[in-house]
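Encoded as structure tokens, the following chain is the form predicted alone, with no partner shown.
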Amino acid sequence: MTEHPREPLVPYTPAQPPEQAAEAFYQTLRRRRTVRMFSDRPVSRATIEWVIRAGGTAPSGANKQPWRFVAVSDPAMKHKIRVAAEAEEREFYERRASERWLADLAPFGTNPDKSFLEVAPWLVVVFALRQTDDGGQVYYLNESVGIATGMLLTAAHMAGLATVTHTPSPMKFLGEVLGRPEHERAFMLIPMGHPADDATVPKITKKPLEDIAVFVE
């Protein structure tokens, strides 16, 4: 088997020592919040392109990069997506969701109204590729696309943009509305834009380190 060409690693070296750099990044990232109150203030296509490029740097099984990011700013298409998403959401809240699930959602005040899908200047729909565009196999699909989506969200935050991870279920309508090929499966719908001037978010806390980490030294 022919060995794949290799090249020297060019590591990233932060200006601060590792501990300080890691803390500074945490302090920035901890301000990321899920936002459902957007401004219609424009966001340039170039900004979204750089955010998507950042998501595309994610690792993936056998480097198959099984993702596609469809960025939508067309008002008519955003309206179509909203109408279809709200239809699925009404089914969810009225029929599909269990009482326990609805109780867990109650403190956040979510409901079938997804008007933010038309207010946010961009909708980025993440698709998972069940095979490569030329019919090849992909590996660790959900893991790979999940990592890329996380990096996409982080990049948007670092650009000063707000996001919400919207997962209407089922999401097949997104592929249909956007005319995507059969091998692309909708993974997540992410509105991106600046938060509204009067935006509020639920007052929540994150688990402390001792609840999420175990160190074996």
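One-based numbering along the sequence shown. Just so it is clear, the model here is predicted, and its values are computed rather than measured.
Although it is not shown, the form predicted in complex with ligand IYR is what the next lines describe.
Peer 1: Mind telling me which stretch in 68 to 76, 85 to 93, 123 to 131, 137 to 145 gets its heavy atoms within 4.5 Å of ligand IYR in the model of the complex?
Peer 2: Every other range fails; the passing one is 85 to 93.
Peer 1: Is ligand IYR close enough to N111, K114 and T167 in the model of the complex that each of the three has a heavy atom within 4.5 Å of it?
Peer 2: Yes.
Peer 1: Should L105 be counted as a contact of ligand IYR in the model of the complex, where contact means heavy atoms within 4.5 Å?
Peer 2: Yes, contact at 4.5 Å.
Peer 1: Within 4.5 Å of ligand IYR in the model of the complex, counting any non-hydrogen atom, which residues from 32 to 46 show up?
Peer 2: The stretch 32 to 46, when checked against ligand IYR in the model of the complex, contributes only R36 at the 4.5 Å heavy-atom cut-off.
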